[in-house]
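Next up: a single chain in structure tokens, the form predicted alone.
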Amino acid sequence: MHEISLVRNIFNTLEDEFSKEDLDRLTGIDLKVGLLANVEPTLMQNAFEAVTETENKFLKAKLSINVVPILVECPLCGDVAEVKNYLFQCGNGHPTNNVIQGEELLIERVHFQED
């Protein structure tokens, strides 16, 4: 289950960016996950809970996952369309593989307890 390693990478990123004092006040982590990111939200939530409990850190933090659709932009007409049923084409029917959204796996926001 690669979600465990993803959660650990998220924790490492937070530890690199914030002080221990800041992280002690961490209450939430918002992720932005594209449909092409190969991340299952339920498995990610389970991995988050498992890692927080076994590593005994970020226990007060809640994970929120914002799943974003796949968007493509047509190089012929410039149309931006959402991919449905993995049919990569613009609204005018032109096939395109120019993905402009949907591959993300980003820490979108972190929340801290106010002093």
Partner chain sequence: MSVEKSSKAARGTVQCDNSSFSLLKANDFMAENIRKTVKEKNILLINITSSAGSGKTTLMQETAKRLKDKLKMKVLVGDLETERDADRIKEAGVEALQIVTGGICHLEAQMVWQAMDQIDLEGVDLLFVENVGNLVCPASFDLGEDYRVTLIATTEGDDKPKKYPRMFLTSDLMLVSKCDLLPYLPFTVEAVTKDARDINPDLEVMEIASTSGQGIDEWCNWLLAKVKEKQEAKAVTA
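Please read these numbers as outputs of a predicted model, since none were measured by experiment. Residue numbers count along the first chain shown, from 1.
Although it is not shown, the form predicted in complex with its partner chain is what the next lines describe.
Interface membership of residue 56, its partner chain in the model of the complex, 4.5 Å heavy atom rule: Answer no; every heavy atom of residue 56 is more than 4.5 Å from its partner chain in the model of the complex.
Is it the case that residue 38, even though its partner is missing from this view, gets within 4.5 Å of its partner chain in the model of the complex, heavy atoms only? Taking the distances in the model of the complex, the answer for residue 38 is yes, it comes within 4.5 Å of its partner chain.
Using a 4.5 Å heavy atom cut-off, state whether residue 95 contacts its partner chain in the model of the complex. Result yes; residue 95 sits at the interface with its partner chain in the model of the complex.
Is residue 24 close enough to its partner chain in the model of the complex to count, meaning some heavy atom within 4.5 Å? Looking in the model of the complex, residue contacts with its partner chain do not include residue 24, since no heavy atom lies within 4.5 Å.
Contacts with its partner chain in the model of the complex, stretch 81-115 (heavy atom within 4.5 Å): The stretch 81-115, when checked against its partner chain in the model of the complex, contributes 85, 86, 87, 88, 95, 96, 97, 99, 103, 105, 106, 107, 108, 109, 110, 111, 112, 113, 114, 115 at the 4.5 Å heavy-atom cut-off.
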